[in-house]
Every structure is written in C-alpha cells, then in structure tokens.
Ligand SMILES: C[S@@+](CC[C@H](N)C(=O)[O-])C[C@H]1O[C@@H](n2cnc3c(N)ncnc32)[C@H](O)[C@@H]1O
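Only one chain is shown below, in structure tokens, and it's the form predicted on its own.
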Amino acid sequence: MTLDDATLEAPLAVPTMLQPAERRLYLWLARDWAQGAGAIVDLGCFVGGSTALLAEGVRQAGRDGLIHAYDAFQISEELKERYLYAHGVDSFEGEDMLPIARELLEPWGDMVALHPGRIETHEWTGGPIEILALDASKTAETMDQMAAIFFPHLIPGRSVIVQQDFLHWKQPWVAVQMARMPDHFRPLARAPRDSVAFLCTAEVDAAALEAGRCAGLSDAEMRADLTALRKRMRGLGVGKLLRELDEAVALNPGRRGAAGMTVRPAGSER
C-alpha cells in the first residue's frame, strides 16, 4: 500500500498542527507497523488531527482497534482563528473544543475514545500499548508524570513512541528524557520538523522512570545529556537541532515550562 495524497484525504479534513511528513508517519505506524499487539494512545491530540490519522491507518489495515485520544480540549481565541476557522470550522463561543473534536472524528465512529482533562491526572488501565504518540510535554514535571502513567505499558521490541516535540527548542526536556533512558528507547526515524520515533527496547520499570526524570535536573545536567545524545543520534541529521536545544537551555536558565522559554536560539526556524 502507498502513502499518497488520496490515502490521507479523509484524515486531512481534521485540522492539525502536524507537518506533511509527520502525518504520513502517524498513518504508516497505525496501518503498517501496528499488529494489534496493544492499544494506540494519542497524548495531546488537539482537535483530533493526529487521532484521525491513526484511526484511518487502523481502518485501512482492516483491523479492529480503539484509538485512545487525550487532551484538555481547551482552546484560545487566537488558536481558533489560526488552526480551526482557517480550516473551515464554524466559529463557536467559549474555550471548550470537545464537541468540535467529536464532530470532526465522527467518520471514524466508535474507533475513537476521547479522554478530556489534564492528561497527568488520568490512569491507564487499557493493557499493553503498541503505539504511543506524545504532543503534551509542555513542562518537565507533567512529562515525567505522563511517562510514569504510560511508559510501563510499552511492549519491548514492538512498541513505538513518537515524541512530536523532540526537536522543539521550547521543550528541551523531551530530548533529555529520551537521552536518560538509552537502554529502553532506540531512535528509529525523524519526521521533519520536530518528531522523532523510538522503539521501546526494554521494559520501563521504576528504576528507568527514575533515571528519566527531568523536572529536578540542573541546567548543567540537561546540557550534558544533550551532548551525549548528539553522539548517539549521528546519522539522523538532527545535530544542528540538538545544538539548538542545548543553546535554549543556556539562554533560559532554570526554565522547565514551554511558556517560560522566551529567548530563542539564534537561527531557530520557529
């Protein structure tokens, strides 16, 4: 099966912040990588664009399966204008976009389960997870909490985790977390601009979670981890962007939330 524009037509009707290569990665993982060995979980689905791609991948593969999509489902007026109204969504009052997400995801019917609220307050009781997509690590603390909830359910040798903001300068702790668990996650591929997919290679136990914690790290510790990660990820063409993450830590000392990362590295594209 191919991944041409016709393959993506249905899910692209749902607004998303994903870039074209990232969209193809999501659909390919759900359609061609996943075998039904575990659940597919989408953390930080916005209004459902990534969820639609995952659900469409499962549908095209002819498998049964439920996509679990998590988000606060709250949106500002600025983001409504930029990402919803500009893509044909009718204007609406208030910040709650859960009804809009349900409407946009209706083509996939009962293939999707939406979980509203702060992700780090949820529990996971759905068994093994085969694909875990993350676009919700906006602070180091909540990222650590989400890892503790979901990572222990990954299947060694089978599960893929997509860190959508891995190379975004405002969230350097994402890359640091992966750097601190080298025996548990092996980089597989990059989908420009910021997404990197990893294969889970070992069970993520309590010791691994503790090693991967980032909220309490010093700037020096984070920068050392990023330096080590550049060596580990040679061949994926991400050296320049990892250096941007290092520079971002230096320019924003002590900051562990995306909203507080206000000084942009020189030359950063966004």
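Remember, predicted model here, so these are calculated numbers, not experimental data. Counting begins at 1, following the sequence as shown.
There is another form of the same protein, the form predicted together with the named molecule; it is not shown, and what comes next is about it.
**Student:** Would Trp169, Asp246 and Met261 all count as contacting the named molecule in the predicted bound form, using a 4.5 Å heavy atom cut-off?
**Tutor:** Not a single residue of the candidate spot has a heavy atom within 4.5 Å of the named molecule in the predicted bound form.
**Student:** Identify which of Met178, Val196, Val112, Met97 has a heavy atom within 4.5 Å of the named molecule in the predicted bound form; exactly one of them does.
**Tutor:** Only one listed residue qualifies here, and that residue is Met97.
**Student:** Can you pick the one in Pro192, Gly88, Pro156, Gly117 that has a heavy atom within 4.5 Å of the named molecule in the predicted bound form?
**Tutor:** Result of the distance check: Gly117.
**Student:** Looking at 102-110, 179-187, 196-204, 128-136, which stretch has residues with any non-hydrogen atom within 4.5 Å of the named molecule in the predicted bound form?
**Tutor:** That would be stretch 128-136.
**Student:** Quick check on Ala140: any heavy atom within 4.5 Å of the named molecule in the predicted bound form?
**Tutor:** The answer is no: Ala140 has no heavy atom within 4.5 Å of the named molecule.
**Student:** Could you confirm whether Ala72 comes within 4.5 Å of the named molecule in the predicted bound form, counting heavy atoms only?
**Tutor:** So Ala72 counts as contacting the named molecule.
**Student:** Please check if Val160 has a heavy atom lying within 4.5 Å of any heavy atom of the named molecule in the predicted bound form.
**Tutor:** No, Val160 sits far enough from the named molecule in the predicted bound form that none of its heavy atoms falls within 4.5 Å.
**Student:** Test of understanding: in the predicted bound form, would Gly38 fall inside 4.5 Å of the named molecule by heavy atoms?
**Tutor:** Gly38: no contact with the named molecule in the predicted bound form.
**Student:** For the heavy atom contacts within 4.5 Å of the named molecule in the predicted bound form, list the residues of 37-56 involved, in sequence order.
**Tutor:** Stretch hits, in order: Gly44, Cys45, Phe46, Gly49, Ser50.
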